[in-house]
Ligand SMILES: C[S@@+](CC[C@H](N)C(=O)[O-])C[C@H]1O[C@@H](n2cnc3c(N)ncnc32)[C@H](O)[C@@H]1O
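Starting off, we have a lone chain in the form predicted alone, written out as structure tokens.
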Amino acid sequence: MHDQAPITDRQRVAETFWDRWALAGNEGVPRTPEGDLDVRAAAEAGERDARRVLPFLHPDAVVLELGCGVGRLLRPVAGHVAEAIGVDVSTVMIEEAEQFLADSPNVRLIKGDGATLEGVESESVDLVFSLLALIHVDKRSAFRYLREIRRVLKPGGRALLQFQNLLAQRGFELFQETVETDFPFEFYTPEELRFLVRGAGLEVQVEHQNGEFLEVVALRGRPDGWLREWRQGFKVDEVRRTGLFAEGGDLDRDGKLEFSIVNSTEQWRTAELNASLHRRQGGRLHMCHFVDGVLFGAPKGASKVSVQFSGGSLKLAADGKLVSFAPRRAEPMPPTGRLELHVAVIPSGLRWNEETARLFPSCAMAWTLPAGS
């Protein structure tokens, strides 16, 4: 049933607060010295932060951002989906978003009421995402939002949501500051958040505790069925290794891994790609190099993926295009130990670990490299 509860005084206060926040040029709304929206700064921040959302997108998707602000994230996200919907309680931010997103014809903006997704059809959205927004919503309204998210998601649709973690050191520090300042922050324990998400009719598929935040991927459906369907639709094939990755040696050599990913379903499948080089010392793995990226698998299609180690850096490419985010290397670099190459093709939201490898054996590869001559 569509949430038709009346707007509360707390929701009206929230609208006024975030209008003032936007005009003051605070975090998330960069402004020029003249007081105008700093379009360049907003665009750069959006491109950087959108990396967290990209693994959940595909070209046919309808996505909704709750707390879209001036549209920093919506602009880069819109380039990867069929339709992007932005909802925000602030009239000021919605008006500025209309200008900032004028060149994105597939974006629709909705001035929200602070607790519902009025204006969005039921079962019409593939992904809802909300970063640094629900942390500022009072708990009652946040629960109403969770119920609304469940309403608008298609069966099998997901939500990427972020909350403040009361049990984290930084979270508790912010809680104590909030007691003194009355800044609009809300705090949760992991158990409480899981209870509320499930109470709204969603299932927690993935949960991460990152410093001060609790981040969850919530699913409208059964997590085991969703994962089983995803796993059955993807297959890794035609694996070929050359150079360091086949003949062995050390990090002064180049190497290349190539393979195909086949999507046998009628739907788009988006995957996270992870590649890492490790040294094994005394039975333990020590990371040397790591890179991750995103693959958009077309229906009934195949993609050629390559992992290349060259010039002391790992790179990922799909169908000839670089898809990797900023590669990382260990500092200091582990000096000794047999090298191992690990590669995984996994659903968005999951992290590469032993449990992931067990769930997706056909999409997780690992080799101990020869020591070389």
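Start at 1 with the first residue shown and count on from there. Just so it is clear, the model here is predicted, and its values are computed rather than measured.
Keep in mind the form predicted together with the ligand is missing from the figure; the text below concerns it.
When the ligand is considered in the model of the complex, residue 339 lies well away from it, no heavy atom lying within 4.5 Å. At a distance threshold of 4.5 angstroms between non-hydrogen atoms, residue 347 is out of contact with the ligand in the model of the complex. In the model of the complex, the ligand lies within 4.5 Å of some heavy atom of residue 132. The ligand in the model of the complex is not approached by residue 147, whose heavy atoms all lie more than 4.5 angstroms from it. Here the chain stands alone, but in the model of the complex its contact with the ligand, taken as any heavy atom within 4.5 Å, falls in 89 to 97 among 286 to 294, 203 to 211, 255 to 263, 89 to 97. Distance criterion of 4.5 Å from any heavy atom to the ligand in the model of the complex singles out 136 from the list 75, 220, 136, 269. Using a 4.5 Å heavy atom cutoff, none of 55, 126 and 128 lies near the ligand in the model of the complex.
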